[in-house]
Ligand code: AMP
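One chain is shown next in structure tokens, namely the form predicted alone.
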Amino acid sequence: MEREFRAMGTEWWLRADRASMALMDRAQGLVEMIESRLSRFRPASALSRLNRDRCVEDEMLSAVLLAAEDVRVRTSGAFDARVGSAVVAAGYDRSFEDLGATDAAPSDPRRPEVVVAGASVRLVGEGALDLGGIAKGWTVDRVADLLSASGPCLVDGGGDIAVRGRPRDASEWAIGIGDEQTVGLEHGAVATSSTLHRCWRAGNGVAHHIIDPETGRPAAGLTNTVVIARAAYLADALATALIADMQRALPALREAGAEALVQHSDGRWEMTAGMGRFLR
């Protein structure tokens, strides 16, 4: 069974051959519920309330922020969910569907300290959070866990993909990653990130949504990344971290047993030593 719908500003596609209609309904409802709690574009979400009120009680937000902090430490800060103020300063201050040309703005270096205690989350200091580089992947993992109870499945949330088990008609899942390239997976996740799609006019130039935490400005150097990892949240965050600062992200990639394919701004592709075994 398959299901297509739109959520989190992108297209979702689910496949679970043994799933019931009711299970597919639950999977779609799970995505929509998570979006309602983690979107910074919804004023009533847990994330928006945290950014506004500086303290909130929400188990789901707490879990995602613990995962985000883990990746921040792993990548020596190349991935950092605390750059929300810099994302807004770059012009990404509303959902991408509503975004037009913006005025150029200086970078905003403010980054709050995140304090998590059980379900309680508190921000100390100025600045805001943005979960754009991890929340979708985290959601993909939750949906894959749900659907896999019925058998093999694939969950695609706008390029963040998790698979569980072999499909009924093949020995692995064949997943397109752009530029006429395909990877094969039986279990795990693949995520793509790019500076070429979620971009907009900003003053006399072009800005995008991936911030280099060191400068507080849209990152430069890489245009596309593809990461294969054990979980979609990790692949999602590492794909973002590589664009933000490849040199700091690479040790974390190796430590996590992940593989990557990256494209430089001059069009040149480069990949890690083990990536070739997944290319088809």
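The first residue of the sequence shown is number 1, and the count goes up from there. Just so it is clear, the structure is predicted and the values come from calculations on it, not from any experiment.
Only in words, not in the display: the form predicted together with the named molecule, which the text now covers.
Picking from 165-173, 112-120, 149-157, 129-137 the stretch near the named molecule in the model of the complex, with a 4.5 Å limit on heavy atoms, gives 129-137.
Only one of Ala189, Val143, Ala90, Ala81 comes within 4.5 Å of the named molecule in the model of the complex through a heavy atom, and that residue is Ala81. The partner is absent here, but in the model of the complex a heavy atom of Ala244, alone among Leu47, Ile228, Ala244, Val64, sits within 4.5 Å of the named molecule.
Contact check for Ile211: a heavy atom falls within 4.5 Å of the named molecule in the model of the complex. Annotation for 161-191: no interface residues with the named molecule in the model of the complex [heavy atom within 4.5 Å].
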